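Shown below, as structure tokens, is a lone chain in the form predicted on its own; questions about how it binds or moves come after it.
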Amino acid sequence: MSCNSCSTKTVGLAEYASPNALTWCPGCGNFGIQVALKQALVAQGVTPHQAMLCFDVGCNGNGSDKIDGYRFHGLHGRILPVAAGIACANKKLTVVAEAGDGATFGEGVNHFVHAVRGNFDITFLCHNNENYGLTKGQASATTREDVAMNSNPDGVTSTPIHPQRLALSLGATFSARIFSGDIAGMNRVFQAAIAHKGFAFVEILQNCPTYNKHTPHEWYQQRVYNINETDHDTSNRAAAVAAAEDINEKVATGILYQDPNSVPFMMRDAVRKDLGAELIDEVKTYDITPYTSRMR
């Protein structure tokens, strides 16, 4: 979500600190992801009371009580409609949603499709470790073909969903990919996503040290490169699709596509465009006693 409510107040990392201990597996990419998110929010001047952090069920959701700010821990695969509703109700908040590849492209793929289509003003961080880690290593919609997982000991036989191909084909106005081992790169991309007006999709290539042995941390280190250090044109959707295609040998990371003329959902809504008030300002308290008293 674009940071249209950030104050000039200096924000420190300590403001996002939580007394709760992190419980991810040693070596999990979530440690770096949360550090980079805190850094990006601080760099954008977003204070904890201006941030609305929405977590799906899964390993990403185990971080919901490990960071300060307004937080919502939703149902599996359903965090995007919650985040979209919050962004529509109060545009003063910086809304960040997080979910895994299973929730995003399995249970919640319909919500992903319409979040992109609606171009709701949120930043969406998709933790792609190519499996359901929290439920002990089942194959997800992004698990690679022929890879053996606990639910598929003989190997996955279905063609995996390609997240970038899907997002870009749906018309995403911001689509990026980054590796969880690159904290500086995540910080840079997260900041751009937060500042973007509209739905900012960030796929995070993340190792799962416990259940997915096919793509360990070192596997990504040997293959990723920063496409923003090349002559790649981020305003060219066709170029982004071509650059994003390879997920096996030379994997492009960074901002793949961004529409500089993106107009988010609420700015297109004819009913709301001339109104200065936020939806949340229009919420009123109604006395329903006359109605409930009839039920006694």
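Quantities reported herein were computed from a predicted structural model and do not represent experimental measurements. One-based numbering along the sequence shown.
FYI, the form predicted in complex with a small molecule isn't displayed, but the following is about it.
- The partner is absent here, but in the predicted complex a heavy atom of 76, alone among 223, 76, 71, 197, sits within 4.5 Å of the small molecule.
- With the partner omitted here, the residue from 151, 169, 135, 210 that has a non-hydrogen atom within 4.5 angstroms of the small molecule in the predicted complex is 135.
- Remark: none of the three candidate residues (176, 259 and 262) comes within 4.5 Å of the small molecule in the predicted complex, counting heavy atoms only.
- Picking from 31-39, 231-239, 267-275, 51-59 the stretch near the small molecule in the predicted complex, with a 4.5 Å limit on heavy atoms, gives 51-59.
- Proximity of residue 143 to the small molecule in the predicted complex: non-hydrogen atoms within 4.5 Å are absent; the residue sits far from the partner.
- Although the partner is absent here, residue 203 lies well away from the small molecule in the predicted complex, with no heavy atom inside 4.5 Å.
- In the predicted complex, the small molecule sits beyond 4.5 Å of every heavy atom of residue 121.
- Contact check for residue 129: a heavy atom falls within 4.5 Å of the small molecule in the predicted complex.
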